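Each of the two blocks below gives one form of the same protein chain as structure tokens; they are labelled structure 1 and structure 2.
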Structure 1
Amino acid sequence: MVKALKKKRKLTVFDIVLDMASIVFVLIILLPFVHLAALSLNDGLDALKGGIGLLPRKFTLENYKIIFQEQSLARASLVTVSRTLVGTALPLLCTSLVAFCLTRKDLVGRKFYLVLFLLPMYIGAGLIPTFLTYKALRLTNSFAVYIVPNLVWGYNIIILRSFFETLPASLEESAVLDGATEYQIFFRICIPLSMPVVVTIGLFNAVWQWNSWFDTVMYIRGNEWDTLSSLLAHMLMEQQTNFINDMKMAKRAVSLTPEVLKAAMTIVTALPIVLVYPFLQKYFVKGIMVGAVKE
């Protein structure tokens, strides 16, 4: 036993190539973000000369000061966090329930419902009909426009339904013999055993909700329900428009230009979701362990 523990695994050529490929892949993903961070921390006028690498040449925090001095930033951040949390939890619950129902072979109209959820994946109503529908339902200019249209996604239904169907039927049969209801089977058996796919879909929904800005532009008037992405986009458009014409902005151009402002906005928008992801990754790995069916 001691000899077996002391015996080291030999490092093969394949392991070396795999490690090197992994390092190169990580660098390809990481270096652009480091460059953006360096650009966002550099003086705007100096950045116009080019040549900014992985470190700022003329360090300044003026770019971030302009962003965080925006009065609407706190409200936009609250709206973004709220739509991310609610827009992830509710759609995940509704999508999971629909997928679970579609696994019931005694469901009346099961094939019809399945086709009904598949059609929107291939056929779109178009922008104008969608806007008119949302307006008729009084979803425009409200927080509900971020949540209600995305409660059920056909693609996620197919993924969850396929995963639910792979669960051992003996588990459900045992639960039924013990007197479990459909809700108890769903919440105590299907969901715990399906944590890998549930967490993955929840992560995709959260990232999409956090980064989404098009629905704000199309269906929201005013700045009451502005999200972080849309607010920063408006700030960038204003900076680009007034950069030359407005004298006040021209004086500020020494330390603030559209290029460095765009880099700072990218960091501000992406950093929260990047910091949260490691915690979600931990639950994702835990979900894989929970989802393992032991013999």
Structure 2
Amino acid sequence: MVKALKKKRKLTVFDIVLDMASIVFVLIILLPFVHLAALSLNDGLDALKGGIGLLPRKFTLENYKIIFQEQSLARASLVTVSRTLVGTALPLLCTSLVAFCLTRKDLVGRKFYLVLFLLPMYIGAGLIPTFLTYKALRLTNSFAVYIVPNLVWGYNIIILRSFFETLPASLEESAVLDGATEYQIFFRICIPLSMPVVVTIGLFNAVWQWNSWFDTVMYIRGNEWDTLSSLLAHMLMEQQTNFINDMKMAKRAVSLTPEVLKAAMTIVTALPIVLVYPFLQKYFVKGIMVGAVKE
């Protein structure tokens, strides 16, 4: 009660200006999304007249229906979801296994392995040699290029390894006495106890996989393995929208315009992230701190 009174009295001009500034800031971040959402829910031909602000004028769900009906877009959504799922699960397994092995002090070749996996964080090979190598490895023009190059990443090894090392050694010792193998220790002790870290890294990976587009543009010819993000990127870079014209020719969508379709695709690409990222918040503040200390 006393505290509340005190607080109320302290509400000064400074506070009001501050609150207003922060609301303006929030609007600057949010309004572009709201505007795009309004466009995406508006009739295409009507949108050409302009003047759509934050609410749709001639409401329709047609644009979204078309996205999910049109084969190339439905396929892109499917590819995006698959690359996110597979591209999160497999790297998570590989990275945590490698990190687990590297916690073993008696591992033969431990120093060599550490350098081997951590050095790529600091030196990159460059675009063209990487492309040529992937091409020689037959990774290009296949779904594998989304997964295989991303199996293990040094930064995640550091985070996982330092977490595994904090686990009490006694647990493991008693497991060994009971005749547990390394794999059993990994799956039954390390992973269950490290769930928060594993989930965080997994979510970050998932967001990264969902958003990636440059690897598609770089390694994939044709549109077989296009993702939602890469379709958006293609539309921006080539400044032509082939499939919109294709669709128009098929007369499936009379009132479809590139503008509203792009808006709808943007929303479809962004929405899952918007829904997921608040859950990340709890962890990433901590994660960034770990990184900062390491630096």
Partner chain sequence: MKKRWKKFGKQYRLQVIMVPMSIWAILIFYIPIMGNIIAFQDYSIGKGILGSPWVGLKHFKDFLTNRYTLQLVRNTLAMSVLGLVFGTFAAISLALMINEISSRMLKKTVQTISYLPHFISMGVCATIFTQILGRRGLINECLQAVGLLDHAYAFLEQEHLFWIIMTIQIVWKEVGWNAIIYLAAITGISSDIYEAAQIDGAGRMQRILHITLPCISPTIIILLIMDLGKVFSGGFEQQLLMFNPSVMDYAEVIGSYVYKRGMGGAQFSFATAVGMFQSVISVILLVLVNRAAKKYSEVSLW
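Computed from a predicted model, the values in this text were never measured in an experiment. So that the term is clear: the rigid core is the largest set of C-alpha atoms that superpose within 1.5 Å between two forms. Residue indices: 1-based, along structure 1.
Choose between structure 1 and structure 2: indicate the form predicted alone.
Answer 1, the form predicted alone.
Quick check: M265 between the two structures - does its CA shift reach 2 Å or more after fitting the rigid core?
M265 C-alpha, core-superposed: shift of 2 Å or more.
Rigid core fitted, is the C-alpha displacement of Q71 between the two structures 2 Å or more?
Yes, its C-alpha moves 2 Å or more.
Quick one: once the rigid core is lined up, does L228 have its C-alpha move by 2 Å or more between the two structures?
L228: C-alpha displaced by less than 2 Å between the two structures.
Can you give me the Cα shift for L61 between the two structures? Core-superposed, in angstrom, one decimal please.
L61 is displaced by 5.3 Å at its C-alpha.
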